[in-house]
Structure formats: structure tokens, C-alpha cells
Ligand SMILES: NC(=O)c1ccc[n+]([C@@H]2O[C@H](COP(=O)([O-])OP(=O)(O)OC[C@H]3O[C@@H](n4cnc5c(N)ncnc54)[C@H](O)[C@@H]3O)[C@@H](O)[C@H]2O)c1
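One chain comes next, on its own, written as C-alpha cells: the form predicted on its own.
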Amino acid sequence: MNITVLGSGGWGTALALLLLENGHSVTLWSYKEEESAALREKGENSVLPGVPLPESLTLTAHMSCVEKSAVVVLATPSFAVRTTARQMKPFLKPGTVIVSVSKGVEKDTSLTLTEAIAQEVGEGYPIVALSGPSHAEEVGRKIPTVVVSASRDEKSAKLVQDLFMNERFRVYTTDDVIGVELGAALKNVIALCAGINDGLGYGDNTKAALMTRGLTEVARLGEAMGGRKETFAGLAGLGDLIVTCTSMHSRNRRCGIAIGKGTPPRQAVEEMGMVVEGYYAAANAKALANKLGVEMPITEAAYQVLYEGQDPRDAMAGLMTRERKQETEKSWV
């Protein structure tokens, strides 16, 4: 099958190589010609060192490559998803399946990324979200990985499952697109908090609490938006949360560590040199929580640290001294 991957960062490159390995004809699109030329000249992506790019992988910076594709994979940073969808729309043929593999919530609208894509391309194009615990660095090195394909169209979800799946990349399916996308986006906020925890010198006890209670509030918001609670206990929720909060591959965790050690949040984000999705997701999550009346104390604390200048130690003290609560919503009989 002819497949185009839009976005030649680490994740887009790793998925392009996976699809190529599965026997598909794959084109990898770069936003700038110089990026495509650098890939061609070096024979590898600088963010995936030691992972060669086969000559059979087509490299281009021309959006017209979409015209011959039955499937288009959108692998740009979340802030570029809408504009890229707008660029590709004139070249899409009817029925093209669009796969969103970016993780985030749109900054200005608080829409999920598949919702933003749908607004730009209109009807007639099935959209699938592919997500889960999946570092590009590990997928590029062919380390066993498991993700989930989410779409309201069962046929399209299963098509993506078939296209990507092999002996080292397993794919499940679900129709809970909202749950999958929110789990993927909002776990980045908790990963920032986990990193701040590490930077402050707090321990495993504290990180485990942040992860567990953080997942609870993410699921609470997800349910309020129409997602299913069990999705947040799955690959796109708990699975992605674990890998992002504990790995040094995670730019959100690394950025959090810098903040915990005293670097001002905005400076820490800029010094990462890559998009720190959790920084922007914190503002979106707070806005959504306020709009829907959902209690999200960890997200609120993260927002105060990231945007209002609160000292992280004071934020943790505030969380620890909140009023007494039951862990679950059910009361004793």
C-alpha cells in the first residue's frame, strides 16, 4: 500500500521505517527541503542515531506526495497538526485514511487533534488515532512495543492495526477516541510533575503518588468529556503514563527535572530544543477542567508552577495538606 508519513522527526521516521519493514511503499515528508536533504545526505535521522534510512524510503518536502497515498500518517508536533492538515487537504483523494500519531490538545481551541484534523479536511476521510507507550528511540531500534488504534470507524481502526502490526509492534483496537487522545495528551502534564519531583530530590513514594492520583484526575476529565474510564487503565492511559514518567527518553520528564532544580519553566521549555507538550497541555487541561467543573488538583498545581511562578515545593505542600478525601468515590455501607 502507498503510505505517506507527514513529519520527519523521530516518531515519524520510526513509524515510516516500521511501515517500510511491513512491505509498504512509504514516503517520508519533511516540512523544509533542507530537512529532507539532510536525511538524504546523512542516511539517518540525527534523533535516531545508528538507525539507517534504506534507499527504498522516499524522502521529499513536496506535499503533492499525498496524492498517491491510500493512508496518510500525521506525525508533526501537535501545534502543527491543523496547519499540516490544511496543507494536505487539496491533495487527498476521497476515502484516504488519516492516522494521527501526535499527542496533545490543540492550544487555542482545546480540541483533540483528530477533531482539529476533521475540521480541516471535512467529511469523507476516516481518521484514526494511534497511541500508547512508544518512544521513537525504541521503536526505531525494533524494541517490542504495544499501542492502540482508535477510531469510531471499526474498519479503519482494523486497517491501521493490520498496516502497523508485526512481531515486534503489536496493535490493539478501540472505538474510544476521546479516551485515547486525552490519555495521550494529559499524561504529559503528569510526566512534567514527575520530573519536577526528581529535580527536587523527592523519592519514589512521591512519584508513585503523583502518577496514581494524576491518572485518577485525567480519567475524571476524560469521562466528563465522553471517554470511558477503562481506557485510562489501558495502553494510552496507564501504559503511556508509566513510560513517560519514568524514562529519560521523555522530554517532559527531562524538562520537569530542570524546573525542579531551579530553572524557570519557560527557560526550561526553550532549552529542551523540542516541543514539551505537557507545558501547553497543562493550560488546556486547566481550561477544560474549569469549563466542565472537574476537580484536578495536580494539574492545577502544575499550572501554578508553570505559569504563575509558584515554587514547586509550595505546590507539593499544598497538595499534601488538602482536605481529607476517600480514595474512591463510593462510601462505606
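When you see a residue number, it is the position in the sequence shown, counting from 1. Nothing here was measured: the structure is a model prediction, and the numbers come from that model.
Although not depicted, the form predicted in complex with the named molecule is the subject of the following passage.
* Asked: Could you tell me if Arg253 has a non-hydrogen atom within 4.5 Å of the named molecule in the predicted bound form?
  -> Although the named molecule is absent here, Arg253 would stay clear of it in the predicted bound form, with no heavy atoms inside 4.5 Å.
* the named molecule contact in the predicted bound form: Pro126, any heavy atom under 4.5 Å -> Looking in the predicted bound form, residue contacts with the named molecule do not include Pro126, since no heavy atom lies within 4.5 Å.
* Even though the named molecule is not shown here, does Thr244 get within 4.5 Å of it in the predicted bound form, heavy atoms only? -> The answer is no: Thr244 has no heavy atom within 4.5 Å of the named molecule.
* Asked: in the predicted bound form, does Ser156 have a heavy atom within 4.5 Å of the named molecule?
  -> The answer is no: Ser156 has no heavy atom within 4.5 Å of the named molecule.
* To do: Using a 4.5 Å heavy atom cut-off, indicate which stretch of 49-57, 261-269, 280-288, 29-37 touches the named molecule in the predicted bound form.
  => After filtering at 4.5 Å, what remains is 29-37.
* Would you kindly say which of Arg168, Arg86, His135, Arg213 lies with a heavy atom within 4.5 Å of the named molecule in the predicted bound form? => Exactly one residue meets the criterion: His135.
* Listed residue (Ser102, Asn197, Thr231, Ser151) with a non-hydrogen atom within 4.5 angstroms of the named molecule in the predicted bound form -> Comparing distances to the named molecule in the predicted bound form, the residue within 4.5 Å is Ser102.
* Could you list the residues in 255-280 that come within 4.5 Å of the named molecule in the predicted bound form, counting only heavy atoms and keeping sequence order? => Result: Met274, Val275, Glu277.
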